[in-house]
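Only one chain is given next, in C-alpha cells, and it is the form predicted alone.
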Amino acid sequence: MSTLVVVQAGPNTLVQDLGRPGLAHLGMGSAGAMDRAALALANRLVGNPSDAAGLEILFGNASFATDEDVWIAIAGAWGSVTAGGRAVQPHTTTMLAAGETLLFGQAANGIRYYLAVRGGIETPVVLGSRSRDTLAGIGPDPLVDGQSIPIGPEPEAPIPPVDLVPVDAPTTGEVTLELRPGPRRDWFAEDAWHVLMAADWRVSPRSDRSGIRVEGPALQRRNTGELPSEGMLPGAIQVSPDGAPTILAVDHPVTGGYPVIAVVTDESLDALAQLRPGQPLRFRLATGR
C-alpha cells in the first residue's frame, strides 16, 4: 500500500469525504468536506468515486510526499501549488513522482484546497465515514508533520481523458448566497427581514467549520422569549441575542436554541467553504423549487 507523507501539515489539514448524513437522531451531524463539489471534482479527475476521502487543506502552507508515483488532482482554493518545483494547475490530473514534494502556497482565492490522490485516503471508517468532525471530535485527528497516511488500492475506473476542467477560481469579491425563509422568521421585528436581504455583510474572522459568523447590522427580535432547542441543519441562519447572524456549516450542532430567520439553500452551501475573513457577502431570496 502506498503512503502519503505529511512533510508540513499547515494550519489545519483534515481528512474529509462526503460525510455521514442521516445520523442526527444519534446527535451526530453530517460533517464531511465543506466544499463538496470541489472534493467530488478532484476525485473524479483521478478516477476515484466522488465520495472517496481526500484532504481539506486550510489556507495552504502545507507539503506532502509519496513513496511511489501517484496521480493527484487539486480543486477548491487557488494559489501557488508545485510538485518537484513545477507548477501544478487546479482541476488537472498530475503525476506526483516518488520523492517529489507537493507544496501548497498560501491560497490567493478561497481558503480550502482539496487534494485527491488516486486510490483515496484509507483511514479507518467511523460511523460510515472517514471524515473528521471537529465539533464531535470523531474521525481522524488533524494531520501533523511527519505523519504517514495510507493510500487505498487502485480504483477500477480509469483516469478520465480530460486536460482541464473549466471551473473558475473562487471569487475574492462579493458573494451572494440564496436563502429561503426560516421557521422562526416571525420571531423577528418587521424590518429584520429587509435588513437581512438589503444590508452589506462581511465574513467574520470568528468563523470555522461549525459556523460562518457574519458582521453587519443587528437583526432585532420581536419575541425575546426562550426558544426550546430544536433540530438544526447546515445553512440555518441562527441569530444570537446580540442580533448577529451565524450560518451553520457542516460541523454544526444538531440542535440549537437561537431562532432561525432563514436557511441558505443547499446549492449555495459549498460557497461557505471558500469565504475569506472580511469578504463582502449579500443574501438573495431563492426562486423556483
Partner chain sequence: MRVLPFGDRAILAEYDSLAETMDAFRTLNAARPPGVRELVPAARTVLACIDPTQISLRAAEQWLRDTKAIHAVEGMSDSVTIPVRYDGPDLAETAEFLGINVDELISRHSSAEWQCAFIGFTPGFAYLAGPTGLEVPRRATSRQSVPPGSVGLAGEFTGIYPRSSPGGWQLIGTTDAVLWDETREDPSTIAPGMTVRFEVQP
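Note that the structure is a prediction, hence the values are computed from the model and not measured. Numbering follows the first chain given and starts at 1.
Note that the form predicted together with its partner chain isn't included here; everything after this is about it.
If you check its partner chain in the predicted bound form, you find no heavy atom from any of E190, V195 and R282 within 4.5 Å. Contact annotation for V126: at least one heavy atom lies within 4.5 Å of its partner chain in the predicted bound form. Shown alone here, G182 lies within 4.5 Å of its partner chain in the predicted bound form, counting heavy atoms only.
Contact check for L23: a heavy atom falls within 4.5 Å of its partner chain in the predicted bound form.
When its partner chain is considered in the predicted bound form, P49 lies well away from it, no heavy atom lying within 4.5 Å. Considering its partner chain in the predicted bound form, the lone stretch of 27 to 35, 52 to 60, 217 to 225, 239 to 247 in range is 27 to 35 [heavy atom distance within 4.5 Å]. When its partner chain is considered in the predicted bound form, only one residue from L41, M232, V70, A65 comes within 4.5 Å through any heavy atom, namely M232. Residues V263, V264, T265, D266, L269 of 262 to 277 are found to place at least one heavy atom within 4.5 Å of its partner chain in the predicted bound form.
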